[in-house]
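Listed next as structure tokens is one chain, alone, in the form predicted on its own.
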Amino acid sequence: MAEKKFPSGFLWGAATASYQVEGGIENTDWAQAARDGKVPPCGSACEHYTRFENDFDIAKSLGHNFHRFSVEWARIEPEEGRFDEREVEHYRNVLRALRVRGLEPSVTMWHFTLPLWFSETGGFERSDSPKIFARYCAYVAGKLGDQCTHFTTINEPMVYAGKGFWEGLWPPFRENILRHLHVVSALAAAHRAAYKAMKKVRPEIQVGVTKHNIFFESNSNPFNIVLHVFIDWFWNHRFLQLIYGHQDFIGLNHYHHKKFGTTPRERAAAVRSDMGWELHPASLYHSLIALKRYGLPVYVSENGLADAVDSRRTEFIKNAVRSVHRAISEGVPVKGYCYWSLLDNYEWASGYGPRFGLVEIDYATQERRIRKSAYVYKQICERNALLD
């Protein structure tokens, strides 16, 4: 049987986010929320800020040729309009470290945490938030664009708006549907403004967004069918339509499947991660197929599971890779796959309990231990092909 290969130049890697791994970031809305006792403290995290070269050595040893990470807005612009050149140089060093190891970088400008000066003056509810965000993004693109050509502006805008302004579980802890709708529109405007500003200073770079999409489906009940169609549009496609014409690619973050009208038997039979999230083998495929309509290159920018004992991660990765290969064979221009995450990390309101990493972190000693599933993923990366 012929080996099922991926296209030449396909990118394989893993992702991280600054606040979740770097440690020592205290001038953000999340750090303030921790001081207020509303979320778990982050503290030193994985000390990735000082250990990034060692962590990239691990990624290289695991066959990766791609790495997505975020720069920390609060480090780069600690006060409104004042940019810290030392922090910019730090991230330039991060990019150099990736390049020298043969890892193609992807930089995310904003991954949930806001500088205190911005959050305390209204954040994305400020009328001038698109202008402020675009200024920051253009500055970073100008400084880092010679070392990186692949940028995303916003990580998971619907998750940020939903958790912060619908459920009220994340900063700024508001439960208000009107504010939620306003913030989604503001984020779309911020992305459009940032896209234009970044392309103005670096016309050669590629700019997109990382969008968390869910695979929704329903049973044959007419009400559930209508609900499925509406929620699918509202969550998966509305934001992408709001930024139409202002992205060069789509970054897909995928973790969830939701069927309207599930039976008790179906719910009981579902296999779940340590977070309680259903592991649905074909859901990534369906989410990729749904993006085909946009005619843009797609990168799987996040896809992973919490699995502390590493009992399900190997099969999860194999299923994910099968989904990507199938989507490519059906015409979806998928260019890369990033597992979430390279390292165990701070999982937002869940703290340090969930373990998503290919690499296990002992938070007491900062020792890194590569999980067995990471070596299976290594075989896929190095062969650029399905294993079976």
Ligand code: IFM
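Not measured: the values here are computed from a predicted model. So that there is no doubt, residue numbering starts at 1 and follows the sequence shown.
Absent from the display: the form predicted in complex with the named molecule. The rest refers to it.
> Looking at F66, W340, W30, F69, which is the one with a non-hydrogen atom within 4.5 Å of the named molecule in the predicted complex?
The residue from F66, W340, W30, F69 that makes the contact is W340.
> Quick one: from N155, N213, S283, S106, grab the residue that has a heavy atom within 4.5 Å of the named molecule in the predicted complex.
Of N155, N213, S283, S106, the residue with a heavy atom within 4.5 Å of the named molecule in the predicted complex is N155.
> Y255 near the named molecule in the predicted complex, any heavy atom under 4.5 Å?
Flag for Y255 set to yes.
> Spell out, yes or no, whether the shortest heavy atom distance between W348 and the named molecule in the predicted complex is within 4.5 Å.
Flag for W348 set to yes.
> With the cut-off set at 4.5 Å between non-hydrogen atoms, does F112 touch the named molecule in the predicted complex?
Flag for F112 set to yes.
> Would F230 sit within 4.5 Å of the named molecule in the predicted complex, counting heavy atoms only?
So F230 does not count as contacting the named molecule.
> Counting only non-hydrogen atoms, choose the one of 48 to 56, 340 to 348, 357 to 365, 35 to 43 that falls within 4.5 Å of the named molecule in the predicted complex.
Among the listed stretches, the partner-contacting one is 340 to 348.
> Looking at the named molecule in the predicted complex, which residues in 6 to 39 have at least one heavy atom within 4.5 Å of it?
Result: Q20 alone.
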